[in-house]
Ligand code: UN1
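Next up: just one chain, as structure tokens, the form predicted alone.
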């Protein structure tokens, strides 16, 4: 069995405590991918010290030169796309056509971040005093602790790591314990691209290791993607320790289908949004809100299409939907189906584990649709992170938007309609960081802001130009060339 190492200060090193954990293929529990370090405080201290030391030199490297290295990283991600896609599918389950798309997001982000190193603009403004100039600059922050989830093991880390490095920061990265191999490959690629030792470090581990990074006094910023429970805890720690943090947390995203929609398109969008990545996305379409005048017909169309989805190993040709990540997730899906039926929902598709043939070797749950759901049901309000779609009926556009907004999250949203007035009303009134018109709730692009409102995040936006607001801080400079004392902040009028 292959044994993997941490990447600290440009070296591949074993954990100080000598402890490891196994990473298991969710599509086949007999397939053990390898043993990965169960890092502890000694490893965290070494990685943070390396990042802190490297920051002194890295922040002085001209930003376009940093961008040159990221451009090379994009080339390497491109060269290794299929290989990395296979690695990702084996350790987290989604089909290779999805994991290769995951890598493509990293490619796009690498090239975008590289180009933005020539566009880290500041603002100049006229002074209120004569012979005086006012300038402002973006500066890097320092050591960034990056902690991400397993479901997008290359794309989501790239949204944080690459802009952080582009801006002149250094990074200590903790991948999810469910997808550590992808983190190893990420380090290999940045090393080959020429990123200097200590600028990027990878710590593999389980349990409370993330807390060790968050609480470390020499880590200046935390970038997190994961559950709301963990994210709010990180926010509390960062508030207490006065660290900047960016939190991308849960979602309970809704697709609205109006009675004038293209129903074939809307059904395809709902299925892709609900069952892509086996529903294990923060942007997954977990709720479907259908106008009363097309409710039953649309459900019939949806179920017909859902029953044709092929469940299986993501490494095999023809698979549409892969496994959920582990046994705990399977039980969670079973529990939510039972809760929904107990509260009055009607099961029209799926609803149970898939245990036929080779599927019995993995963590497979059937694509599931539960209809006649109301806004007071738990399944309509709580994030499930699995292949379960609940359907509610709306009396009008206003009612549909009210239902859409009736939960604590506000990440992604969607409406299918041919009515331009309805589309713009939805854009205005839906409480979400992202709204799609006539496309599903998934499909973010690397050059646009990504993030949500309410319980989904703490106001920051990854992706696009806005990500640099996370990984830089402003310095204001006043230059007085009057050769006299000019007293500001008093009444000069």
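This one's a predicted model, so the numbers in the text were calculated from it and none came from an experiment. Positions refer to the first chain, counted from 1.
FYI, the form predicted together with the named molecule isn't displayed, but the following is about it.
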Next item on the list: Classify residue 159 as contacting or not contacting the named molecule in the predicted complex by the rule of any non-hydrogen atom within 4.5 angstroms, answering yes or no.
Entry: yes
Check: Is residue 444 close enough to touch the named molecule in the predicted complex, meaning at least one heavy atom pair within 4.5 Å?
Finding: yes
Note to self: So, residue 200 and the named molecule: in the predicted complex, are they within 4.5 Å at any heavy atom pair?
What the structure shows: no
Notebook entry, point to check: Quick one: does residue 55 come within 4.5 Å of the named molecule in the predicted complex, counting heavy atoms only?
Noted result: no
Checklist line | Options 436-444, 25-33, 62-70, 453-461; stretch whose heavy atom lies within 4.5 Å of the named molecule in the predicted complex | finding: 436-444
Check: Ok, 169, 368, 151, 117: which has a heavy atom sitting within 4.5 Å of the named molecule in the predicted complex?
Finding: 151
Check: Just one of 287, 281, 90, 291 has a heavy atom within 4.5 Å of the named molecule in the predicted complex. Which one?
Finding: 281
